[in-house]
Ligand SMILES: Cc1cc2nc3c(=O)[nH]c(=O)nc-3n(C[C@H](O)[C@H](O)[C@H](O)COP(=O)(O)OP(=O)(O)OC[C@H]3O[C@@H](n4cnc5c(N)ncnc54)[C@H](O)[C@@H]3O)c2cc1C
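Starting off, we have a lone chain in the form predicted alone, written out as structure tokens.
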């Protein structure tokens, strides 16, 4: 069976594909893989642009290992089977009057996969999704069940686990009562973004910046809690965005942008669609975006103090190298955390995303990372990256602790892959 990720950037042909339905079946599967010297990869939604989830020998789907296990409303905690998709979890919480305090742009990933890569939203008051984890169960590389309880020092190592420590089967997460958010959009001259980024990051509980290259304005998008009733049409617009705009219109825009001299005009037309009147809706809906048209992404996490310089370096590189960029540059903000390999480890960060589709993407991404040379930029694990173990050691002070934890939990590299050999070593 041929496997291909959502972005069509990675494809493999694992020898075997399996879908266990219980934790006991996962244990037996890993024990067999270890005994046979097979390498095993768990695949969730396949929504990583990197090869982090690419199965080589045995591909595993946990789509049958799903559902809520317990709901502790007074403690603000739920226990969830790790194969559950984020959109299903959000629905199951919503019917109980609960939600996650932060979500990413897309909710198609499995829960275990989303925390594995440091998937995040945009808020300096909240960390990434892995920071919500209060306990974890996993099956290690020899098929032993391991429980990481609150206070276990290994838990911070396993939050952003890269799929390298074991098959995560169960997670305890922090939740809170449902709430509504009001969205406002403020235009800002692109020349002012770099200087304003630290202030923008602190200007609302949830806030992000979108800029379409080749245009003169960026947009600050803020979300603040409100008791106002939801705006009529929010859900309907999401449906139209996903079924019409992202399926038909945006791919056409991507194609038009390839025509010489047309890209900048198309970008200016697209920018006009970002401005919207104030909208109100459930937090999980407002903080996520419609499933976008297929494109590619790379992303760098930087300390907030370097965010403005990184933004301007990216902007100037696009102009200097005359790159045709047909999708957003996005600045999002993530509260610092303790995850040993979290992109936000140690301090508040700006996570600067470069997105594109079409034949200019390789040149753009190479220029993006050249522009950030010399800055303390960490890659997003789920997006395109060319980093090596030496880069990881240089950028994460706790990398050696993660390497040691990997040696303890998977000494024979049952969960190894070509990607993991490059970024973590053999």
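Treat the numbers as computed from the prediction; the structure is a model and nothing was measured. Residue numbers count along the first chain shown, from 1.
Below, we turn to the form predicted together with the ligand, even though it does not appear here.
### Message
Is the ligand in the model of the complex close enough to 314, 350 and 378 that every residue in that trio has a heavy atom within 4.5 angstroms of it?
### Response
No: no residue has a heavy atom within 4.5 Å of the partner.
### Message
Going by heavy atom distances of 4.5 angstroms or less, which of 143, 292, 282, 198 would be at the interface with the ligand in the model of the complex?
### Response
The option sitting close enough to the partner is 292.
### Message
Can you work out which of 371, 30, 385, 53 has a heavy atom no more than 4.5 Å from the ligand in the model of the complex?
### Response
Of the listed residues, the single hit is 53.
### the ligand contact at residue 162 in the model of the complex, heavy atom, 4.5 Å
Taking the distances in the model of the complex, the answer for residue 162 is yes, it comes within 4.5 Å of the ligand.
### Task
Examine residue 49 and determine whether its closest non-hydrogen atom to the ligand in the model of the complex is within 4.5 angstroms.
Contact check for residue 49: yes, within 4.5 Å of the ligand in the model of the complex.
### Contact label in the model of the complex: residue 106 to the ligand, heavy atom within 4.5 Å
Although the ligand is absent here, residue 106 would touch it in the model of the complex, with heavy atoms inside 4.5 Å.
#### Entry: Partner proximity in the model of the complex: residue 157 to the ligand, non-hydrogen atom cutoff 4.5 Å
No.
### Task
Name the stretch: of 94-102, 190-198, 257-265, 114-122, exactly one has residues whose heavy atoms fall within 4.5 Å of the ligand in the model of the complex.
In the other structure, the partner sits against 114-122.
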